[in-house]
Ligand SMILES: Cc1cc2nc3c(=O)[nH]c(=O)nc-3n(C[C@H](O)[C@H](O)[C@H](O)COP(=O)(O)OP(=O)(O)OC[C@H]3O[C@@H](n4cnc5c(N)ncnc54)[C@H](O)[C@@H]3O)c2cc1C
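As a starting point, one isolated chain is supplied in structure tokens, in the form predicted alone.
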């Protein structure tokens, strides 16, 4: 069943649920579907509509402080299906090193291991419409203990709001509420148990949802913003007694390493290639898991020139990279108008 709170329904069921889930993106919809199939009574609460609206997206806006970053409303979508509505479909499995206790971060790490997820990989692929294994491209003559070809698989890509719409609409166990914005989480008098979700439509009308279990599945940024904003009972925000909520946000940190100009047949054969750091390399250098990607540009842009000293520094640094020692011998720097680049000297 689907109920639009923007239409100011006079009589709806807001209590007696086994689970109340806030957020109908990839995580929220998947949880609701599986719980509904198991016979649980579920309230799935989506702040946006069935389609994109500026009214909903404006709620994602916010001010950045510190390091410059994209506007908070960029890269995310706030309506049924969430950000899967513009997801490209790239899927990459986590590695063992991602779950290791690594004191160089000063963080506790995950309370689970990679092996704990393996049981669910087959089901996850069904949800994401992946019918292949995670494979790395075969790169001729590539041998490195530091960088290894990336193992990925691609979803259709799956749009969760579209794929599961009929099941959500027809389910006798799931009620999907759209234009249902979670604005507060209420706790009991001991401040130890959630008692209800405070939901508002865009007319500022209140709806109090209660149940046995409560889940917030709003995405990494929005989960943290919500918990910090729920400060009517706990001044620092719910779950933030250690001032840790939101402290581990991590985006795809992109650095442009430069441009290569070279033999067309080799570059076209390579296409777009992505490498990830090996676990040994990550542990040795005390860094997180990372990717290095290369792609062919048919229309490279231009940028300001670089000094001779900078060119020399980059050249010398590359020559020290063990895996590129042979390659670096074939590279020479070119001085081009408004651009410096590397060139393969075949």
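Positions refer to the first chain, counted from 1. Computed from a predicted structure; not experimentally measured.
Only in words, not in the display: the form predicted together with this ligand, which the text now covers.
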Would you kindly say which of 112, 88, 191, 250 lies with a heavy atom within 4.5 Å of this ligand in the predicted complex?
88
With the partner left out here, check for me: in the predicted complex, does some heavy atom of residue 42 sit within 4.5 Å of this ligand?
no
Would residue 79 show up as a contact with this ligand in the predicted complex if we use heavy atoms at 4.5 Å?
yes
In the predicted complex, does residue 237 have a heavy atom within 4.5 Å of this ligand?
no
Just to confirm, residue 222 within 4.5 Å of this ligand in the predicted complex by heavy atoms?
yes
Only one of these stretches, 240-248, 80-88, 103-111, 204-212, has heavy atoms within 4.5 Å of this ligand in the predicted complex; which one is it?
80-88
Would you give me the residues of 178-194 that have any heavy atom within 4.5 Å of this ligand in the predicted complex, in order from first to last?
180, 181, 182
